[in-house]
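First come two forms of one protein chain, each written alone as structure tokens, so that there is a structure 1 and a structure 2.
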Structure 1
Amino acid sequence: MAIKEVKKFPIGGIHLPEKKGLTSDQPIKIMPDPVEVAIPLSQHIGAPAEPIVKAGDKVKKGECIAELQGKISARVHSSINGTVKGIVERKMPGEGSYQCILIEKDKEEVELEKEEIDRKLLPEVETIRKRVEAAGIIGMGGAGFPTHVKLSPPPEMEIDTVIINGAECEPFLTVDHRLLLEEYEDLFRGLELIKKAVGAENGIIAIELNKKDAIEKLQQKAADWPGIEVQALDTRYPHGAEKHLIKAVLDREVPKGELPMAVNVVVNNVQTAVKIARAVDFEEAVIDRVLTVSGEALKTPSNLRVPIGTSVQDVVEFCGGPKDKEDYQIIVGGPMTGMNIDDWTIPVTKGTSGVVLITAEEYADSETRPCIRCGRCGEVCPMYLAPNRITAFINNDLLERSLEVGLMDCIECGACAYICPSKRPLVRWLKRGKAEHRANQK
């Protein structure tokens, strides 16, 4: 089947070594429940969830263990059957730590029962929203915004199109690719439910051209889903940034400081849509997620379904561990937007898209090298920014000046750091500047 028209990336961006061949042909494997999980109370944008269990309580897989606080929050559920040991601290990628509910696994396994229903029927809008909220679904591409809020646009915002973001432009990561191939029925169903919830007529699944098998398969299957189309995108980083995705697919420009709703669009991640289908149809909570464990320094790169709260150490060891015990770096997320870590106890969260082990040759951190004023960072920036100028202000304690020249407009895609001939850690500095600004606001 011939692929239809290919939409182009609007401005800036870069072509990256993809490294996806390590796992793109690896079907999703289910990782067994670990001995213990540390489930963070804050895996989302907004207020942390409030624990409703205490040390000594027995909990079942899928049981709510922390309630949402306020409108912008999300419920948290137990990912294993076990006994609550208490509240513990776990380091998070970057700076800071998580407050986590520590659960020790029971020896007995209990299978979750699923009720058979007619998946051709569409529930009422409030039923969809309530089940999504009850399941604790958030944006699982990394943004972490509570999905029940996104499915409740203000009355004045008339949404006409829902886009499923299947670009997956980060190197190494193949989570969305595998879900597109293996769980497309849930994906189409989830998109239909999102359309119903926000009142949209059109649904588009946007996929980069480096996943031709997924594009061809879904374009064929889309014939059974009126109002849904599959759109191919050229392969360019960062096509997964939602504002650029909207510009490429619909030729609509989201105004500065606004959300996609401002141009009548809602964007959801592939795995988010799949989870919506499972939550609405079977009332399944988010207790696991699919992630890619990859890298040239890893023995057995894989795509895994992992219980939330599993440690990075358990995940890496399940994939055989590093090839060389000394010569590697661990990144949680993708190599462009993820964070380098040195603590193996960091838990998998709802937003963890990958764990990547890269070799010393691939990892560069040259903080001491000066900027040579070549301007390449500005040429590739998809937000029309001058990262070298912004970071100069940050590093010289001129935070207000960095804000004036666009610090908060940065989407942290990492294109600037990748293209920099001095290999300066521009993204780390940009993130630090944002963190300082948020701290000042509080």
Structure 2
Amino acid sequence: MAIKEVKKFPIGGIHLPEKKGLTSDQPIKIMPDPVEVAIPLSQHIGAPAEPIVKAGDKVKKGECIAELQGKISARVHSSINGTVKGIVERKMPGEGSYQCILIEKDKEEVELEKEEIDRKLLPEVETIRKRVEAAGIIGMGGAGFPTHVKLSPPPEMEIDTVIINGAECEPFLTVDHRLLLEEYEDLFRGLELIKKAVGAENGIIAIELNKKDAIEKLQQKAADWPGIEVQALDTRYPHGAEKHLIKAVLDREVPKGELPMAVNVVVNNVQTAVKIARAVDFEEAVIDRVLTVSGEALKTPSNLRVPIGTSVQDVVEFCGGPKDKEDYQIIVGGPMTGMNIDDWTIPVTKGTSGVVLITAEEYADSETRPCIRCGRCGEVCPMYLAPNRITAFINNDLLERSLEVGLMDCIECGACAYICPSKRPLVRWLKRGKAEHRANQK
């Protein structure tokens, strides 16, 4: 079937070298449980979960080990069968650290029994939310917003459309691509459940054109799911940014400082939708996630299903480790918005979409040079900002001025820093400016 209409957001954005070919044809492999997992209590936005186990407790795969605390929070479950060793601290990508429940794997394997459910039935809205909450689902694209909250919009908000974000615009990452191809049944079901939960009429699965096979396959399958469409998007970074996805698909512009709800839309990640389907129909908790382990510096790039809490080291070693023991840089997440890490013990969380090993040569660390005012940063900025000016204000201690020209509107997509011919670390400066502003506000 030919792809009919291709949409895109109107201004800004860039074409990136995709490098997705490394893993796009590799079916999802299941990584065996590691000997030890460190499961962070705060993988989401909001209050950290409250541990309900103590050192020495035996826990089973899928058992809840930390309860939510407050309204915006998410449960945490054990991803393996094992024994709780206690609370440990693990570094986070970037600054800061996680409090983690450390679990050591037991010898014996225990099968989780599953209850068969009639998938034709649509449960009550409340049931859906309850089960999503119980499963500890959060936005799995990286944002980490607790999904049960997202599925309970304030009653005055009319939601008419649910969009599944299958853009996956970061280079290297092919998680969503593989899920679209392999788990589309769960995806459609998940979307149906989300629609039901928020009372929306339309469901749209938006996929970038670089995943042509997925678009074609889903367009076929969508015939069986009334009220669900598949929308092709042009390949352009950052289509995966929520606001730009909405702009592209529906041509609605989320007003400054507001959520997608303001334009009657809810956006969910592909994997989130899959998890919702599993949670509602089979009461499965989020104990693992699919991520892409890739990069030119890695021996065997793969798409892996990894238990939450597995260390990056275990993941990379499972994929054969770096080609050259010296020449690599590890990035957690995609190369545009992810974090460069130097600690192997950092655990995989629900929001970890990939681990990328790139060579030192590929790695962007060119010398910072003076701004030549070429204006490319502004041209590619999807938020229509002028990053050169904002950062000039930040670097000259004119935070006020930088706020006036839109510092807080920046979505940190990195398009500006990527394109800058003077290799200026614009995003790092922008982040610093935002942090300073937040500190000032307190």
Partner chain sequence: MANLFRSSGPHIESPETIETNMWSVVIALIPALIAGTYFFGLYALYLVLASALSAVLFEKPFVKSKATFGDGSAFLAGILLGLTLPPVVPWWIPILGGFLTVVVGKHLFGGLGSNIFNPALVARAILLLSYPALMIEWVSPVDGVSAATALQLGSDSFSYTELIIGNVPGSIGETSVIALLIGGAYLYLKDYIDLRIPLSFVAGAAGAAMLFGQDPVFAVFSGGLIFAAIYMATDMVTSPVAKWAKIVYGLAGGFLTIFIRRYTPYPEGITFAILIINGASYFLDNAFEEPHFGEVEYVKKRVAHFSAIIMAAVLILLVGMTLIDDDDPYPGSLTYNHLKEAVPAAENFEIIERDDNDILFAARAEEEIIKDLVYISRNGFEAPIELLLSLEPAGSIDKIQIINESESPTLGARIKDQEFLSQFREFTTAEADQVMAETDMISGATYSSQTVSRGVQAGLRLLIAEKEAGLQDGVYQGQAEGAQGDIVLEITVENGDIVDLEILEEQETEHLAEPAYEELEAQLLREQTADLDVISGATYTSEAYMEAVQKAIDQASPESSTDGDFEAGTYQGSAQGHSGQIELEVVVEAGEITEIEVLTQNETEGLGDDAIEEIAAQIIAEQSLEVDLVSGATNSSEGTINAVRNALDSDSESAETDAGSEEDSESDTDSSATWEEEDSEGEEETAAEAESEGGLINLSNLDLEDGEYRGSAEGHRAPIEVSVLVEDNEINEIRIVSQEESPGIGDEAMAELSQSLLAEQSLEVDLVSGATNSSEAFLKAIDNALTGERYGSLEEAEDLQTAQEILAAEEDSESDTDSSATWDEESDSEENAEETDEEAAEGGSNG
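Throughout, residue numbering runs from 1 along the sequence of structure 1. Computed from a prediction, not measured in an experiment: that's the story for all the values here. C-alpha atoms forming the largest set that superposes within 1.5 Å between two forms make up the rigid core.
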| query | finding |
| --- | --- |
| Which of the two shown structures is the form predicted in complex with the partner chain | 2 |
| Residue shift check between structures 1 and 2, rigid core fit, L403 Cα at least 2 Å | yes |
| Threshold 2 Å Cα movement between structures 1 and 2 for W429, core superposed | yes |
